[in-house]
Structures are given as C-alpha cells and as structure tokens.
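Only one chain is shown below, in structure tokens, and it's the form predicted on its own.
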C-alpha cells in the first residue's frame, strides 16, 4: 500500500519541536505516511509576507489531510488567525475534540471519555455584525438546516465508527426558540436514521453544571459553534488542560488536525515542550483515516509512558521533549498488520426540506433610531403598527416599563388584510422618510403553513 501524503504545518514557537516529535514517533511506529512540509503563522509571515501562503492552502487541498502545530495570532493587530482562515476557506464544518483521562495526569476526575463535535462555521461565528447606532451593536446568529444536518450526520457516523452509544445535543432552545430550536429539530430528524445510538438533548447551562459534577453521564456531545467553543475548553480542563487536548477540523473534502494550545514562545527552543496534544491530534487523524491499529499502538505507548512517570514539566514531570519522545518510542507495541486507508463518511445533507405549503410574509419589523419612543404612524396603507420594543422588551402599546432605553427601537407592522407585499413596505419606508424618522434596518416576518416563523418581544 503506498504511503498517504499528509501536509505537516509545524507552526510557531514550540510548534517545530513538537512536530519533530510526532515525525519521530510515526517513523518508529512504521505508520504509512509521508509528510509534506508547509509554513503558516509568524514564520510564514516573515518569509512570504502572509501568515498563510497560497502554497500551504494548495498543499492541504491536494493532500486533503493536514496536521498543524500551534501558530501565533497577534493581539489587537497584525494578521488574522490562521486557524480561522483555514476553517473558513476549506469549509471545515465540524470541530472534533476528544477529552479522555490520561494516566498520571492529575485532575479532579477519573475515567472521563468524551467526544465533542462542534458546528464550526455558522452561529454567531459567521461574523455578521453591525452597529445600528453608535450605542447599539448587533450580531446575527445564523443556524441553517443543511449546516446543522451535516454536523449531526458526522457526529452519528463517528459514534458508529468509534462504537459509542449515546449522543447528546446541547442547545439553548428554551431561549433561542427559533435558531437553537431548528438545531434541535434537525438533530432528532437525523437521529431517526441511527436507532442503535441513544439520542437526547440538554440545555447548555445545565450541561456545564453536569459536566463538572457527573461527567460520566455523557458520551458524545454535539453543539452549535459558540457553546461548542466554550464547552470544549471546559472538557479539556476536566482531563488536564489544553496541553493534553487534541482537535480536528473536518470538511467534505479536507480535514486539518491540530494542537489547540498556544505556541508558547517563552519556552521555544528549550527542549521543554509537551508534544502530547499534537500527538493525540495525530492519533485522531489516524482513526479518521481508518488506521486504527497504528492509532491504538501509539496511544498505548503514550499511556504507558505517562504511567511510568515520564512527563514534561507542564504535567509535573522533569522530562525534556526529546526524553519524552524516546521513552514513548521504546513503549511502542510491535506492528502486527498492515491497514488500508478508508474514505471518510458522506455527511452531506440528505433530509429533504419541506417544500409543500405556503411561505407568506405576514409582517415587517422596522428598526428605528430615536432617543425616545419614535412617533411612528399608526397606519400606512395596508399596515398597522402593533408593537414597539427596545432591546427585546415591549414598550408600546401599554405602560412604559421601567427599563433602560437605548436609541434603536423595533417597530412591528402587521397587515390589515392578506399578506405583506414589497409595495406595502416601500410605502411604509416613504412615509417614515416624509416624517424624518430614521429607519436603520428592515426584517420581513413570515408564516409557513400557518406557523409563525419569528419571535415575539418580551411582554408581547
């Protein structure tokens, strides 16, 4: 079987040292992989004037698999995050973070074995943000049916492949009823295709509480982007921190596995770096490729090394990077068989979106800038003013609540008859301009098969 070519991005700081450790371990384990080196981060910026050269992206696209060391993102200026750019450019839709207890690594918990699958593209991380006024900023939380389905299908396929028994969908659908509500709905739609896997759900705040009291109750967690970012680091803390936390970013065509910790420039070149996180990421990569025997052998050697007390300083030991690497190589079980690479599962959207029925525009929200309650016309043509809210709380009609009022108001108009046409909205905008009322933003409100597809204000 020919070797699989994998892009290796050593990165910055301690990155080259821990990447060299992985190369030595893979050579000793006779893993059928050939490395193609590529640059990213500060090193690339100095060489090419960009932290992510085109040649590096071309290498990842060609080889389809990459292992990446830590890279440095300047705070407050400089270049953009290499990690985020790679994820966005390659549409790496799932961030996969195992969290498993390691021997002789002190933590408050024992026998933790979790797999977190985080949607990696949508949610508030879509970066769709605006100032409506100098005092009022908003961010759009984007959850889509195809995007959610894709990450759920990956999570269930991974559970089957790794012989896991339960998947828990983590959400906040009690508050974000529409966005997280859609995420939860799609979860149970996909779960129907995997009756052998137990499927349940939990609200994210309750999940965090239970993770630090009863983590053994969880197996696989699948989460929207923001919650996943937070909860995955929480779970890393349960097993010893980011120094022992692997991560993979999975796409339809490429996958990039990486250490999620920083580049630690203060100890770079001192032979003190801990390669465990990058090694666990490379083990995760091997399982993704179907090389389970090689992954198991290397993981067993890692666990034996730690059990024997050989650890780097960050884990409470005194071994150098080289000493840790040599000790691990000496613990490798013999290779007993050759393995075939496998193709990743097809996770593309398969659930047909309901198309039968009526999608109707049944109202419009006008966002108005005004220091006080704006003098909105009660009626314009077919549209009647039914509600105004400020920061999500109803302020009209009825008594004004005793709340902080800011200078952007949401004003809801509902038609007297039928549906709202574009002409109705244009007439409303013209009427506002004639009254010198400054509108900032417009949102159409829809029903689908008679069901409201928009939220009410607090108190409405």
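Positions refer to the first chain, counted from 1. Only a predicted model underlies this, so the values are computations on that prediction, with no experimental measurement involved.
There is also a form predicted in complex with a small molecule; it is not shown, and the following applies to it.
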Of 284, 225, 254, 274, the only residue with a heavy atom within 4.5 Å of the small molecule in the model of the complex is 274
Answer with one of 179, 390, 83, 150: the residue that has a non-hydrogen atom within 4.5 Å of the small molecule in the model of the complex. 83
Tell me, please, which stretch of 192-200, 124-132, 260-268, 110-118 lies within 4.5 angstroms of the small molecule in the model of the complex when heavy atoms are compared? 260-268
Quick one: does residue 314 come within 4.5 Å of the small molecule in the model of the complex, counting heavy atoms only? yes
Taking the small molecule as it sits in the model of the complex, is residue 72 near enough to touch it, meaning that at least one heavy atom pair lies within 4.5 angstroms? yes
Under a 4.5 Å heavy atom criterion, is residue 9 part of the interface with the small molecule in the model of the complex? no
